[in-house]
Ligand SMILES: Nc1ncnc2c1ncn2[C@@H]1O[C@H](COP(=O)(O)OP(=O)(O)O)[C@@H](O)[C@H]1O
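Only one chain is given next, in structure tokens, and it is the form predicted on its own.
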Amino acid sequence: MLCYLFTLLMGEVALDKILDYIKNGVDGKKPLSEAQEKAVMSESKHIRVLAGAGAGKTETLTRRILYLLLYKNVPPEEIVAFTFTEKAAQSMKSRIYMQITQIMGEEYAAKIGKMYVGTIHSYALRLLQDHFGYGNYDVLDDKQEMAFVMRRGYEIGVNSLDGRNYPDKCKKFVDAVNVVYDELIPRDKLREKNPEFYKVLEKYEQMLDDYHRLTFGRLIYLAVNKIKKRPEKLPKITHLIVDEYQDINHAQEELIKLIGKDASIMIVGERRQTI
């Protein structure tokens, strides 16, 4: 129904005119470069864009999304765009909304709310809450996670692990846990190599569940494992866009592969900008 409404509204603006807006900007004064235009209108299933700072990648991604929505008539709920920060996501959302409003009007722009533009962590949280039973869980940020471990560490056995003192043991434990999550280290190998740490990790995760808490690292880890077990729970995605691809870790890459399995994927990054 939503796609049908989009089609009706697009009848008011000719497709050739929409394409001109996308290529040259709404005012006709911001033409895409040849490389930008190639990326924006590519029909390839897998697209890799290498772009350094100041190369206009945000505008390229914005117009790619405009191209998908306005010219290709892709339903907004089938488009997912990952940015590195929430600030970057808000900037891209504002650009998309402003340009669609200028081209199609506010009524049309209001219909793009189902499109996801945000961080991969926020998307993982949405998946877990909406499809995998974590609707009543809150997320601990890095400082809250450390405070949680400091407060509950003796109960789960952190004090028995290696370290100069209790605060040092807590920090080392949190760092090690996030390595397990980020690298998707198999539990059987972890149990074999470091059974003491494995036992503390199991108790830690049980305590997090008891308190209905998630951590940033565990968000991606859980989303990957849940989707592997129940892939049918994943919403339909036909276009996945990933910015700052050079900074993703192994778990994030695996999540991108899973949710983009049947989608066209565009990645944007630059090795020299990696953190």
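Quantities reported herein were computed from a predicted structural model and do not represent experimental measurements. Numbering starts at 1 and runs along the sequence shown.
The protein also exists as the form predicted together with the ligand; that form is not presented, and the subsequent description refers to it.
For a residue to qualify, one of its non-hydrogen atoms must sit within 4.5 Å of the ligand in the model of the complex; all three of S33, K57 and R95 qualify. Not displayed here, the ligand is approached by G52 to within 4.5 Å at the level of heavy atoms in the model of the complex. Per the 4.5 Å heavy atom criterion, the ligand in the model of the complex is contacted by stretch 24-32, the sole one of 209-217, 245-253, 223-231, 24-32.
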